[in-house]
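One chain follows as structure tokens, the form predicted on its own.
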């Protein structure tokens, strides 16, 4: 069976919009009606008139669309789980708050901020405490806004993002479970000990290798990378910021090496673009979705079965939406 042809036919028949994250495989990515990073996709998906949203990404992304547009039916060809998002759940979140409480920091003195790479349940827990969601593109703005409260920022789940933005602002950060509790107590931004397994593949030695081989090369990385990598880079930006910088701001003859997911880097430019790793940095969960999965889910819509539909409880929608809307107000 030619899945691509069948998918194109079903798209014409059904009231559906297919959205795909930049990290998806090329054969899935090219079939999407809307592409982007996690926040772009959520915003564009809720704006589409289609009743059915078919989301090619990872679970928290489908949940975000459902939270923002509970009237739409959201389905995923594969409900893959972002490894970073899976590192934190409400139980871990509350356990970390308890550690802070026992160290003498009350919940009234804490403002939580969660990276969008988290479950709807974690976003809801943050929302209940008056906190915010952020993305890698707007984290600087959101953290600045949060600091106006005079409270300590509890940043979850990506320690690297929290550390990198703290350093950029000139504030002290510490990681629960890694740093001494006295350092945690004195930090402005207290980070949960989570990370992106893909962006942890990039090392300072990788940057040294490319600089030695191509002295004029530009190093561009995502802020989910380790602070030691970010410190040595020429440009640091979110997925969308990296794409704009590399495809619009750099001359095509300028060599650039990029520290982020392989599929996105591979389709950036025709030449002079390299991946900052000796191994292929593919996100395993983003790459779970196949064109066959896409076809089968479309077929389930046609048959009225609606496979892999995303459901979020009303209470979770209420509080997770609060945290997301606070982000939109700042952004």
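Positions refer to the first chain, counted from 1. For clarity, every value in this text was computed on a predicted model and none was experimentally measured.
The protein also exists as the form predicted in complex with a small molecule; that form is not presented, and the subsequent description refers to it.
- With a 4.5 Å cutoff on heavy atoms, residue 115 counts as touching the small molecule in the predicted complex.
- Of the heavy atoms in residue 159, none are within 4.5 Å of the small molecule in the predicted complex.
- The small molecule in the predicted complex is not approached by residue 119, whose heavy atoms all lie more than 4.5 angstroms from it.
- Residue 289 falls outside the set of residues with a heavy atom inside 4.5 Å of the small molecule in the predicted complex.
- No residue in the set 17, 52 and 66 has a non-hydrogen atom no more than 4.5 Å from the small molecule in the predicted complex.
- With the small molecule left out of view, the stretch that reaches within 4.5 Å of it through heavy atoms in the predicted complex is, among 93-101, 222-230, 243-251, 209-217, 222-230.
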